[in-house]
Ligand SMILES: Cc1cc2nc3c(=O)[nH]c(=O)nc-3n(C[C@H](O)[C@H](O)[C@H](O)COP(=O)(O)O)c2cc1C
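This document starts with one chain, in the form predicted alone, laid out as structure tokens.
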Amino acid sequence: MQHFWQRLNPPFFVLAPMAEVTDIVFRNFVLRYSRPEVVYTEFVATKALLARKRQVSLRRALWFSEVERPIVAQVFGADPAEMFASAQLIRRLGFDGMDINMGCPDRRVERHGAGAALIRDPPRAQALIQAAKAGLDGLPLSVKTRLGYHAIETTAWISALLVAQPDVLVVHGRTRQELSAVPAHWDEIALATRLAHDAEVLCVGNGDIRSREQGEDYAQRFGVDGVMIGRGVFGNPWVFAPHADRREAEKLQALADLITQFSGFWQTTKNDQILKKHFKAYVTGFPGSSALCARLLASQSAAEALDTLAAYFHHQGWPFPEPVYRRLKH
């Protein structure tokens, strides 16, 4: 029986998992503007997910809505038994698939032998894949990883992963050492894709994609089945739609909508901080953008940020999205 990844028409597009970004609020916000074929949750630690004291808060990070399907839950961990149990839980929660993060460079993740640390421990990586597949019992498993740890080692590392037969391989085109400081090596993603296809595994490329047109071009040039976009969605929720360039006023209207969505759903200080990650992405390049960004970053609440935007719209002579504004203010 085919899993959902196999039923997608290539090249398909995927919203990348991003820590403290791609929660249910942000995912649904993006879906209001453009439609990737697949969305991912933020990653969750297997150990924390299984701990009774933290199940409520951690499972909250895995909330999703039906409009998001197909949706993949991303986890990280280094213990095969915990990975097996987490996969069983992911299945019970109703997700369409699961992903193991084997590329995160965060020292707090690596310290436990997870994330990018697994690039230096192929036998453990293989054991984790096998445990997850057993726990998923037929749901598809993807693995998101990088090209190597200190240096590019695509053939050795990707081949080791493919021995364990994940259903999908997602390749970020940089090493752990490179972080995001260099252009993605799409020639190496192409090599990983050839290896994956030889093993009858789908391959998704990730790195430096800023538009659907660019993604389609790269898919044709480098042979990937799908394209994952992460940072390209910041300030551009239309990124998965054709011809996604928008006028300044439209971008700020989208920002006002994003502020409203966060305020209406969570009502927490944490989300005011998360919103600040987006401000610069939306306003850079606008008239007086530096001053506007500074005022937005100084906001003490979503409502105050929206007031700042309303004043900016008035100054520019642009119509402000009043229905959005009233929904938050009243």
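Remember, it's a predicted structure, so these values are computed and weren't measured experimentally. Throughout, we count residues from 1 along the sequence that is shown.
The protein also exists as the form predicted together with this ligand; that form is not presented, and the subsequent description refers to it.
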Legend entry - Segment assignment from 204-212, 254-262, 117-125, 187-195: heavy atom within 4.5 Å of this ligand in the predicted bound form: 204-212
Legend entry - Any non-hydrogen atom of Arg32 within 4.5 angstroms of this ligand in the predicted bound form: no
Inset, instruction - Although this ligand is absent from this view, report whether Pro80 comes within 4.5 Å of it in the predicted bound form, heavy atoms only. - result: no
Legend entry - Lys280, heavy atom within 4.5 angstroms of this ligand in the predicted bound form: no
Legend entry - Contact label in the predicted bound form: Ala310 to this ligand, heavy atom within 4.5 Å: no
Inset, instruction - Sort through Ile90, Val168, Ile229, Ala132 and report the residue having a heavy atom within 4.5 Å of this ligand in the predicted bound form. - result: Ile229
Legend entry - in the predicted bound form, residues of 99-117 near this ligand [heavy atom within 4.5 Å]: Asn101
